[in-house]
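Only one chain is included here, represented as structure tokens and corresponding to the form predicted alone.
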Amino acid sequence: MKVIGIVGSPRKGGNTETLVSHILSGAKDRGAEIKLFHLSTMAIGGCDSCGHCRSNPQCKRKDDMQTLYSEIKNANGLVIGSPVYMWQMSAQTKLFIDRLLAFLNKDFSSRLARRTKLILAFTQGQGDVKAFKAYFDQTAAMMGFLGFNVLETIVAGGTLAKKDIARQAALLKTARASGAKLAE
């Protein structure tokens, strides 16, 4: 059992990383092998819309996304974490998501061999965790279209300062429990 975490925040050791790490800890508690990747430290370019991946098994761009493609294909579970910037995921996360186009065939069916379980994790300065619900729902639907089995979306509101999430013990406990579901 393998579960990987993707941190789409450029803030090292911040709220998003903490949330993703708690989810991964829940999976690890259930015996999963876990790995954590920080998108801000990886060389990932944007999609060129060249169409290569539409008729070939992977993107032709040779960058760190090749590592993530392999990791995702071999994972049973995936956690994607991002802060909310301007009502959306961070630019680093969006680059990563755009490059997941390589998981779709020409007919828009998924190339993923199995429906990898996915938890989306968002942190936001806005205290109302439902403020961006429409965007989170759209993101979950898009990930389902790519072939992932979206188990849930976890939102940590009121996380503006670097360690604000530490005061949300109940949410972090829920995050660990959610991570355990990835390892089932």
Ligand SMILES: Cc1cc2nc3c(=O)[nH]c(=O)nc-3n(C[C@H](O)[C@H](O)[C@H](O)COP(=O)(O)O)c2cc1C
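All figures in this text were calculated on a predicted structure; none of them were measured in a lab. Numbering starts at 1 and follows the sequence shown.
The same protein also has a form predicted together with the named molecule, omitted here; what follows describes it.
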Where does the named molecule sit in the predicted complex: which of 118-126, 146-154, 64-72, 49-57, heavy atoms within 4.5 Å? 118-126
Is Ser9 part of the interface with the named molecule in the predicted complex - any heavy atom within 4.5 Å? yes
Indicate whether the named molecule has at least one heavy atom within 4.5 Å of a heavy atom of Trp87 in the predicted complex. yes
Mark Phe37 yes when one of its heavy atoms lies within 4.5 Å of a heavy atom of the named molecule in the predicted complex, and no otherwise. no
How about Gly77: is it within 4.5 Å of the named molecule in the predicted complex, going by heavy atoms? no
Is any part of 129-148 within 4.5 angstroms of the named molecule in the predicted complex by a non-hydrogen atom, and which residues would that be? Phe132
